[in-house]
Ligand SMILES: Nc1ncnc2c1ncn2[C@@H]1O[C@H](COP(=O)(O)OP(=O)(O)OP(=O)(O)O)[C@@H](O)[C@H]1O
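Starting off, we have a lone chain in the form predicted alone, written out as C-alpha cells.
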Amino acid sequence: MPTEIAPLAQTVGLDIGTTTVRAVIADVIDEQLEIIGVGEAEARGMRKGVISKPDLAVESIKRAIEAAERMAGQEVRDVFVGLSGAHIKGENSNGMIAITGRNREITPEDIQRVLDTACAISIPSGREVADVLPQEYTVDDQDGINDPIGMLGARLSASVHIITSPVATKQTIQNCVNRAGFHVADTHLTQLAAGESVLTDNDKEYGCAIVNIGGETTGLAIYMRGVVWHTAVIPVGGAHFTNDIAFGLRTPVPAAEHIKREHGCASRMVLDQTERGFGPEMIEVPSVGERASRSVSRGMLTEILEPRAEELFTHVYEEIKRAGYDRQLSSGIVLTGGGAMLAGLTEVAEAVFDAPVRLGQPNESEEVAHPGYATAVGLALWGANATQGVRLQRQQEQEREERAVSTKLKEWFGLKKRTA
C-alpha cells in the first residue's frame, strides 16, 4: 500500500488591498502548494494601499480569512501579509568586510556581518527597514556570486536591495490582523509576492518587470540575474479608471465600477476588432439622482479609459527608464493585480513599453487563476519557503553544533590516550 504524503506545513497569504481583501490557505505537499481555502471581502477603511480606518479594516480582514477557513474546513492563526502603500521605498546599497577566520573561509556569520554593513544607511525618522534582499556577493575580485559560504577569500562584499516603510504602516497592519483574531508571521512587499507566484526562473534571470495594479497604487519590481534590482510604487490604480468613468459619464461611483468591469475596454484598436461587423455596442448608464438613465456607446467609454491607461503605463515606463532597465527586460512585462483585468490594457502597455506584455495569474488551482490573486498566492508561497528556510537553517545549526561537540570529544579522548 502506498504511503500517504503528509503536508509539510500550512501557509496562509493575506493581501489587504485598497478595494478587496483576499486570503489563500494552502498545504505544502512535496514542496508544492495545494490550495485548500480561498476567501475575499470588500476592503473598507483603506486608502492608497494603507489602512486609514482600523475598525473597518479589521472587519474586512476577518471576513476574508473566515471565508477561506470555511472552504478549507479548518482554522488558521499565522498569516503572511502583503506590505503596500505609496510611501514604500526601495534603494540599492553595498557593504564590505574583511574575512578574519584562521582559514579565511566564509561562514554564515560573515554573511550576516556583510549584510549588516550594507544595511548601515541613513533612514529618516519614522521609517524602518521592512526587508533586505541580497542581490550578489563579491569575494576578493570575483563577483556575481549567489552563495559564497565555504569559499576562501580576504574580502567579502555584498550588494542588497533595501525596502523601507513608515514604522506606523507595519504596526497598524499587525494591530488590525491581531484584532481580527490572527497573528502576522511576517510581511512582504506585494509586488514581490506577486512575482513569486507568476514569474519563472527564466523570467527573473533574463530580465522582467512585475506591474501590480491595485486599487489606488501600482507596484513595480524589476528582476535581473535572478534577483530584485529595483522597486517603486506609482500612486495610480484601478480606482482612478472608475473615477474617470463616474466623472465623464456623470454616473455614481458604484455604477461606474460595474460599467468598467462589465464593458470597459482601454484600447480603441481592441474595441474596433470586437465590434467589427456588429456595429457600436450601447451601454445603459445610470444617472445621478432622480434623472433617467441614458445609453452611451462603448466607444465613448474607451475614450475615457484609454488616456488613463496610457498615463499609468507612461509613469511606469519612466520609472523603469530612470532605473536604467528600459532596454534590458528580455522577458518583458507581467501585469498582475485586480486592475490588470481591464480589457485592452495589455495592448496599451505593449504600445507604451515597446516590449512583450502578458497577464500573470497563478496556476495552482482554478479558484486562484486570476491576476487579482497573484499577491495572496505569492504570499502563501513565500511564507512556505521562509518557513522551510528557517527549518533548514536550524537543522544546519544543529548539525554544526553536533560536529563541534564530536570534534571536542575526539580531541579530549585523543589527549587522554596520549597522557595515559
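No experiment lies behind these values; they were computed from the predicted model shown. Quick note: we count residues from 1 along the sequence shown, nothing fancier.
We do not show the form predicted in complex with the ligand, though everything after this point is about it.
Checked against the ligand in the predicted bound form, the candidates 79, 220, 334, 342 yield a single residue with a heavy atom inside 4.5 Å, and that residue is 342.
None of 131, 186, 257, 244 but one reaches within 4.5 angstroms of the ligand in the predicted bound form through a heavy atom, and that residue is 257. Contact annotation: residue 17 falls within 4.5 Å of the ligand in the predicted bound form, judged by heavy atom distances. Looking at residue 148, you'd find every heavy atom of it more than 4.5 angstroms from the ligand in the predicted bound form. Taking the partner from the other structure, the ligand in the predicted bound form has no heavy atom within 4.5 Å of any heavy atom of residue 106. In the predicted bound form, the ligand sits within 4.5 Å of a heavy atom belonging to residue 239.
Heavy atoms within 4.5 Å of the ligand in the predicted bound form map, among the stretches 258-266, 109-117, 292-300, 138-146, onto 258-266 alone. Contacts between 207-239 and the ligand, taken as any heavy atom within 4.5 Å in the predicted bound form, involve 213, 214, 215, 216, 217, 238, 239.
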